[in-house]
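Quick heads-up: it's one chain on its own, the form predicted on its own, in structure tokens.
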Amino acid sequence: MPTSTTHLDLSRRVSELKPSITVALNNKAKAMKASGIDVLGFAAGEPDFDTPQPIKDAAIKALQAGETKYTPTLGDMKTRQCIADKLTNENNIPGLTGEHVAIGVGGKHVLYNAIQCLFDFPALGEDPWEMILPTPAWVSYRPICELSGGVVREIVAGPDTDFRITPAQLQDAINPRSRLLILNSPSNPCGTMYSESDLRDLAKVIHEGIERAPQLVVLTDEIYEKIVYGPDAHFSIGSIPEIAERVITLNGMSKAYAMTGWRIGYAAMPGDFGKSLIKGMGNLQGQMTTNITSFNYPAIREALTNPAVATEVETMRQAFAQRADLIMSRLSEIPGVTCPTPTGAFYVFPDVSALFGKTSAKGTKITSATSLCEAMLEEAHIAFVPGEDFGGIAGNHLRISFACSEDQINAGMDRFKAFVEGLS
């Protein structure tokens, strides 16, 4: 007779992880679509374009040439140096060599490794280290910090500043237990970004704050750096000499090169501590995944150096810019919906709180962004992401991805408008 397992428990850290409403709604939308319902999806955080052919050809050639073996954990030095050169020449980050670069299984994996290397669970009687997180923010920053023993101190930004924190807010948040500041520009979920002037002002606060917070490090998530179309060019805060050796720059191949399924991310940090951090990330990764797929390294180098690929990336950027204009035009037609103008990435983050308290045509009471998304999925067959999981004031908002065709954008906005006009 088998032994009972009813007394067994999962670890507390896993049991206490909050399930994602985003994943739940996405799964429901996919199930509805699989059953034959015409669901229009605006939840996916990935480009709808294919990976440029030269990148695919480089991987195929490497595969056929037998590049199918283990490699060094953080990647071969040729590719790590290629990334260092890109960050030096394109992003103006000083002091980088291949030894300052880590390659991992997607940006999320690299982020996880970096945070695990920076945080510890507090000793008895000790206050935990803090991660300063401007919100609204991508949903994974908080749980990854908490899994490492850190706690999150939010800085709440709103649509009045295009979801950008101010230097004064940052100054107030920095304290002796500040370990990490997260910056994400262009932003997921907000679709807005910091200007060079904004980042220089924040860098000044960071530089002055190090006296109060000697262990403070900045992690700048720049995964959407090439998808910009507002008045400002992308700028890397890690290029500012006064704080360069305090800044981890996180990036990857997923968004700019339409390579989400390839699972390639990287991080870089100059200086002696940067080398130590990267080595620590390698030690940790060596107990997890070891290297990424070996024949992807030539594909990385091709993406970062081939001018033909750069041309395709620019074509994709222009398409996203046109879609941003289209979706903003269509959102402006919907009563009760307001939205800052997107300037980067491929999201809009409209405020829909004026719709709360109303009732749908089929009798659903709209009490929150989540209930609004659930009702729209059931009744209008459109899939948006409710804002609650993004923190701060995000519960008043929806995230809508426009990484889809203009025809789908128009069809989705037609349904959205009709649904809203049917509220009472």
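Everything quoted here is computed from the prediction, not taken from an experiment. Take the two forms, find the largest set of C-alpha atoms that superpose within 1.5 Å, and that set is the rigid core. Note that residue numbering begins at 1 and tracks the sequence as displayed.
The same protein also exists as the form predicted in complex with glutamic acid (GLU); that form is not shown, yet it is the one meant from here on.
Asker: Okay, which stretch from 352 to 360, 369 to 377, 29 to 37, 44 to 52 lines glutamic acid (GLU) in the model of the complex, with non-hydrogen atoms inside 4.5 Å?
Answerer: Of the options given, it is 44 to 52.
Asker: Within 4.5 Å of glutamic acid (GLU) in the model of the complex, heavy atoms considered, which of Y194, F163, Y257, Y224?
Answerer: Checked against the cut-off, the match is Y224.
Asker: With glutamic acid (GLU) left out of view, choose which of S148, N188, T71, T135 has a non-hydrogen atom within 4.5 angstroms of it in the model of the complex.
Answerer: By the 4.5 Å heavy-atom cutoff, the listed residue in contact is N188.
Asker: Looking in the model of the complex, is glutamic acid (GLU) within 4.5 Å of a heavy atom from each of S20, K108 and R399?
Answerer: Yes, because S20, K108 and R399 each have a heavy atom that approaches glutamic acid (GLU) to within 4.5 Å in the model of the complex.
Asker: My question is whether Q408 is one of the residues whose C-alpha shifts by 2 Å or more between the shown form and the other one, given a fit on the rigid core.
Answerer: False for Q408: its C-alpha shift is below 2 Å.
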